[in-house]
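The chain below stands alone and is given as structure tokens, in the form predicted alone.
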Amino acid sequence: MTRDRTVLALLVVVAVLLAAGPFLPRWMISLFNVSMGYGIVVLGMMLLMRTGLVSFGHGLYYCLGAYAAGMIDQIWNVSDMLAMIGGGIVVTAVVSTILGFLLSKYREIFFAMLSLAFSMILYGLLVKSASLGSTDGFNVAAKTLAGMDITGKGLRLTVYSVTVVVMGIAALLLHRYLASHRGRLAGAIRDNELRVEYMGASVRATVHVNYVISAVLAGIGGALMAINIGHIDPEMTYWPQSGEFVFIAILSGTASVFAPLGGALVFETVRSFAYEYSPNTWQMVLGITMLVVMIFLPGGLWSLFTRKKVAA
């Protein structure tokens, strides 16, 4: 049996990113922050896809995490990064646990469209909520980290460092979960639910747990994005946002926890440079990128590494 070097690789990647932080230009820090925020969300999407489910409405939890972080600052005047991220975790965990009782009954297109319906319901509520800024949203500002002041020149680097650490922890915990008994059931449920039930495992309970984990990861990503960008609005739960997560998940593949993180970086890099050099046709560039990957790498970008491993 081959040794699993994923944990060691994750630690190395986190250490390298943290060490490189002070030397990176501002535009690259922003690019990495957005990529890591998206990557954390798509980690949860990967878990659902391994279970045989695709969510077209994961913007619901991405937006809930962001708004939870922002409302902690607006209502209780708490602008600590850890508290804001914690607020996103709590809100998304509670909401996904409740909705999970319903969604765990459905599969295929019914699961996808029902998840989309809930995200659009939230969009409609936020657009009509004048107290939350309606379509304009409102600004978010993180000022402390565990009680220490982070305003001023060090804010950008601090947000970057926290995002790197949170990304590493999320990927590590998900990797451990996927290696557990319940985590291994995801692939079995995708292949044959009836056999899983015959083995004595509850399919609905496993789908429910996986859904909650996926939602919490999306909430963490949303909270980090709110802190990084400094502004939130209802567009975070609109269907194109959820579509981007599905796009990245397909682009990445599901073979490793590194896949969503790398796929998010590729997606954001292509989009940023395409928008800069071809602002009128950047969507076409993304579409062509997706077509090329689907034709030549149907297993996603990460299949480049798995193919090499098999060939060796």
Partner chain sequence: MTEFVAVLVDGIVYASWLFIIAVGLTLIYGVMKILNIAHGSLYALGAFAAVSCANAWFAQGYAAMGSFAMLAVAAIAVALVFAPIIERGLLRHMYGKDEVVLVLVTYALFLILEDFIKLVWGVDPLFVQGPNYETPYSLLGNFDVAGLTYPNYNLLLVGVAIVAGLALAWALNRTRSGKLLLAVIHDREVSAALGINVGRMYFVTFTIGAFLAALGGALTAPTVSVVTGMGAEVIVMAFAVVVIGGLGSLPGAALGALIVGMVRAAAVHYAPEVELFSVYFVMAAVLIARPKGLFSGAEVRKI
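Positions refer to the first chain, counted from 1. All figures in this text were calculated on a predicted structure; none of them were measured in a lab.
One more form of this protein should be noted, the form predicted in complex with the partner chain, which is absent from this view; the next part is about it.
- Of the listed positions (98, 148, 109, 75), a single one reaches within 4.5 angstroms of the partner chain by any non-hydrogen atom in the predicted bound form, namely 109.
- In plain terms, the part of the chain that comes close to the partner chain in the predicted bound form, with a heavy atom within 4.5 Å, is 231-239 out of 139-147, 76-84, 231-239, 156-164.
- A residue is said to contact a partner when one of its heavy atoms sits within 4.5 Å of a partner heavy atom; residue 31 fails this definition for the partner chain in the predicted bound form, lying far away.
- Though the partner is left out of this view, residue 255 does not reach within 4.5 Å of the partner chain in the predicted bound form, counting heavy atoms only.
- Mapping the unseen interface onto this chain, residue 54 counts among the residues with a heavy atom inside 4.5 Å of the partner chain in the predicted bound form.
- Under a 4.5 angstroms non-hydrogen atom cutoff, the partner chain in the predicted bound form lacks residue 266 among its neighbouring residues.
- At a distance of at most 4.5 angstroms from the partner chain in the predicted bound form, all three residues 117, 124 and 291 contribute at least one non-hydrogen atom.
- Contact annotation for 263-285: residues with any non-hydrogen atom within 4.5 angstroms of the partner chain in the predicted bound form are 280, 281, 282, 283, 284, listed in sequence order.
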